[in-house]
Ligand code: GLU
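Consider the single chain below, provided in structure tokens and representing the form predicted alone.
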């Protein structure tokens, strides 16, 4: 599937919600395009002395609610359309979660596995330098995404601070979020996306008389989001039946211990070869009978081809854009509820916001405070979307978009269009 379709998906979803809620046509025009698109080409010296050119992106979709906010990913599939799509989703996500942020996204087109740690550091630092004043603590705040982590954020932070006058440096620590704790990060940030997703699942289950104890589920992707979601579902008694990642797929009808599997993945780089489960193929994984499915890998996994395979009641989107337009239509026709990415995975950006606030205020919150504030934000977002589902008699994704668009429309109408 061509990458262009990811951005086409976003636009189609946007148009559907805008039509249903009768969004103001002038505001629709503004929101249907990005504000700024930065493409940088930069040289980096490799370990063997030769110079390699890299292409990096930063797309800022809309900033009416506040500074731009969104992750940076290092992946071979990164291109301008993918980054546009991800930046647009971030705008909706921040609006739904009630955060004072606009949406952005960025990345470098590369496969990080092919580079040494020292090369990754130089690539990251040179990318930060190339972006220059296109990022900033009150302007555009990057965060981790696919194949980036707290270490990458620490390199960006150090490079950015080195570019600032000495007396300004301590005022700029919130230029990135998802930092290591010692460098100004927040407790709870590593599990935030999974934690937020579990809060949504628990709220939905309570509303639908759906007991989580004994409920069987499958997870695609066992990185940060997938593994934390599974580990945090464990105390509720939910049973992890099958897992798939980039190395393969595994099944155990008696259930897989998420903590044990997470330790195995840390040691071996993937789920393949996990001794307490049976190896299965992609089709068998997706057609595993379960109560719900958590896609937490990459975009476009549930398609016209794969949607008919699913044997679940509920899909809880941990990844960004795991379901394409045709896949979505088929799931709706089959009566499978989809809790959308812009609601379910908003925990990450919400705790990023908490980290940003802590840095600005020179505060450090304990984990209970972070989790408590996250729970309130996620529950509030869930209820707004649930109410829009009933008000407009529509699916959860369209309802989530309507919640976002209503907030953005209100701000534009209050502020007006300059000049």
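Since the model is a prediction, treat every value here as computed from it, not as a measurement. Residue numbers count along the first chain shown, from 1.
There is also a form predicted together with the named molecule; it is not shown, and the following applies to it.
> So, in the model of the complex, is residue 108 in contact with the named molecule at a 4.5 angstroms heavy atom limit?
Replying inline: Contact with the named molecule, no.
> Does any heavy atom of residue 348 come within 4.5 Å of a heavy atom of the named molecule in the model of the complex?
Replying inline: Yes.
> Do residue 145 and the named molecule come within 4.5 Å of each other in the model of the complex, heavy atoms counted?
Replying inline: Judged by the heavy-atom cut-off of 4.5 Å, residue 145 is in contact with the named molecule in the model of the complex.
> Taking 4.5 angstroms as the cut-off for heavy atoms, does residue 71 touch the named molecule in the model of the complex?
Replying inline: Yes, residue 71 lies within 4.5 Å of the named molecule in the model of the complex.
>> Would all three of 90, 93 and 320 be in contact with the named molecule in the model of the complex, where contact means some heavy atom lies within 4.5 Å?
In response: Answer is yes for this spot.
> Pick from 370-378, 27-35, 349-357, 44-52: which stretch has a heavy atom within 4.5 Å of the named molecule in the model of the complex?
Replying inline: The contacting stretch is 349-357.
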